[in-house]
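Quick heads-up: it's one chain on its own, the form predicted on its own, in structure tokens.
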């Protein structure tokens, strides 16, 4: 039963990716602007334009271009960046670790802040701490991540300059790693100074990304906890002499977290998408920053590669959440 479900979902993944490829390929080619003209200096002749159009396949019809590109993608060739003149796959994979580390750190911050807020709100329900949590949730849901980024830059980068506001790592710091996963490899190799510097640069953009998600987690988890605290098993735990905090953390939290898991999985995909603007604000060297540069320069192969990778990340994350939820929920597993 589980194998059949996984196979059906993988088929759905392939169909979804194909649909995304068709839409993206078509839209970015019918949009105004000529990427070939941006590559050539003033005074270029028609022969120069025709030569470059033939080189990048723009002299063929749209269906022919799509078939050629799709065959190349099936072989792992996503084309060559028009502006950077490097293979798209290499450029995307080089920036992917930075974005994944930023998104994962933002997720951890969101879970920690949202979970703490939910527990405090449920523990002191009907009292002033819960009102404070609800106020924080309202503010967190009302302010988008990029505006949080601007506020953090103003507070901790201008008015009180105590945090790093630009880049991923201090350029004066030597980076001798075999991968671009600076935190993971730095921890494994014991390069604590590098890890500390990367975390310092990552803190503000990750916090800006995490605050809206933390507000959602706190809101949903607090309501789930309050519902669980009225059930028989929590009443029995109180009879056994457990404190209210112990009842919430040890008994109710595990069951109340299941609905929140789905929320975290779905919103994590939007969090990754939010890195596009936030990375630009903080000059963070990730996929989001590269995506904006690609759009500005009309670098069609690079745009296609980045969008397909984002789509694949969204689908894989949602698939993992669905499977995890089924494993954690016995009713779905046995059904």
Partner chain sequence: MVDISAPRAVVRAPNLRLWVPLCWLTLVGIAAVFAPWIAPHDPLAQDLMLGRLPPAWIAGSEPGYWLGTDDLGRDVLSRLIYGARIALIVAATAALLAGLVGSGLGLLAGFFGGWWDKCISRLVEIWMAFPPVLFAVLLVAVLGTGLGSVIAAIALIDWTRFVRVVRAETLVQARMDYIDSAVIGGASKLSVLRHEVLPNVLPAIIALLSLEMGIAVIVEAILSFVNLSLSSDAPTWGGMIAEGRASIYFAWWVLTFPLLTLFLTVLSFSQLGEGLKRHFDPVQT
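These figures come from a predicted structure and were not determined experimentally. Residue numbers count along the first chain shown, from 1. Just so we're on the same page, rigid core means the largest C-alpha set that superposes within 1.5 Å between forms.
We do not show the form predicted in complex with its partner chain, though everything after this point is about it.
- Proximity of 16, 139 and 310 to its partner chain in the model of the complex is complete: all three residues have a non-hydrogen atom within 4.5 angstroms.
- Only one segment in the set 76-84, 95-103, 179-187, 159-167 has any non-hydrogen atom within 4.5 angstroms of its partner chain in the model of the complex, and it is 159-167.
- Looking at residue 70, you'd find every heavy atom of it more than 4.5 angstroms from its partner chain in the model of the complex.
- A residue is said to contact a partner when one of its heavy atoms sits within 4.5 Å of a partner heavy atom; residue 144 meets this definition for its partner chain in the model of the complex.
- With a 4.5 Å cutoff on heavy atoms, residue 199 does not count as touching its partner chain in the model of the complex; it lies far away.
- In the model of the complex, its partner chain sits within 4.5 Å of a heavy atom belonging to residue 270.
- Checked against its partner chain in the model of the complex, the residues 203, 261, 150, 195 give one hit for a heavy atom within 4.5 Å, which is 150.
- Residues 291, 292, 295, 296, 298, 303, 306, 307, 310, 311, 314, 315 of 286-322 are found to place at least one heavy atom within 4.5 Å of its partner chain in the model of the complex.
- The Cα shift for residue 239 between this form and the one not shown, taken after rigid core superposition, is 2 angstroms or larger.
- If you fit the rigid core between this form and the one not shown, you'll see the Cα of residue 12 move by 2 angstroms or more.
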